[in-house]
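Only one chain is given next, in structure tokens, and it is the form predicted alone.
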């Protein structure tokens, strides 16, 4: 999977134009606030996703412009295709191969991508909810039906929590708790089993990449930390029954607390380097390297699932990494199409193969030394 051309008009601060990236590593460089991240955002939007910066559609249209248009020619599913999104005031239209779609989400799965931005460091620094969200989002990309299981679990959990709050003043409701427990245990056990299987594969893949990034100096370990110990039973039925029994044992605690104290909504992902917690003991560079390893591993698992190599979008990835880690990212992951933004022009000099684009005040120019690749 690769982008062969990207056109933009009226988008953010970017000057109207077109770039033709190479199939390998593409470095986008320039000083801060010039528009480098906007270029990555444009590619991400064309993959059918919402802005990874949390921007509203109205914020994507350049000040003074009536509309913004993004258009990509890309190779996927064995053929050349096109995707286009047009933003106007209060309206967004998406096209795939020239045919209007019901919405931008219709582009999902056509041009797949994995993105890293500095905000994703919260995966390490923030609480368990951020890590659960990362795993759930990653699983949804390769197992779309998982989204329905998650939604049903959240609805059932909310209903059970409401019941738990009412029981102290309405003891007759206690008898109805069993039905909710059975439903929640069934859904919860399914979620935990899927997550554990994915985290195991993700951890193995991420460890391999992290070893390369750290030049073999660090061993990354990623594991699933469940609020219900030993829940990984051989069958779905055994897992459900075990979780149900464990919930019954904690029923009194739940009633006193007024909410469900155990289950997949309380679980976490344990991330360690050389046996030590990255969140507690990791340096800025180590934390950044861990997230990068997880993101590249996520891309690898998508590729194995859909038999396509997703794009890798790395925003401001080289800062706070030592030279050996930068060298690995620039020159050792080029078997896929990669877009990397950075401030330092010196990074381009270390790029052995690929293309470079300089961004200044929204104007994008192909680097002269690689101009023949464009």
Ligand SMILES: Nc1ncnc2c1ncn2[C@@H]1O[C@H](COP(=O)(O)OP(=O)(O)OP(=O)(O)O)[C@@H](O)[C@H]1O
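Residue numbers count along the first chain shown, from 1. Remember, predicted model here, so these are calculated numbers, not experimental data.
Beyond what is shown, the protein has a form predicted together with this ligand; the following relates to that form.
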| property | result |
| --- | --- |
| Residue stretch of 303 to 311, 319 to 327, 345 to 353, 52 to 60 approaching this ligand in the model of the complex, non-hydrogen atom distance within 4.5 Å | 52 to 60 |
| This ligand contact at residue 34 in the model of the complex, heavy atom, 4.5 Å | yes |
| Any non-hydrogen atom of residue 38 within 4.5 angstroms of this ligand in the model of the complex | yes |
| This ligand contact at residue 12 in the model of the complex, heavy atom, 4.5 Å | yes |
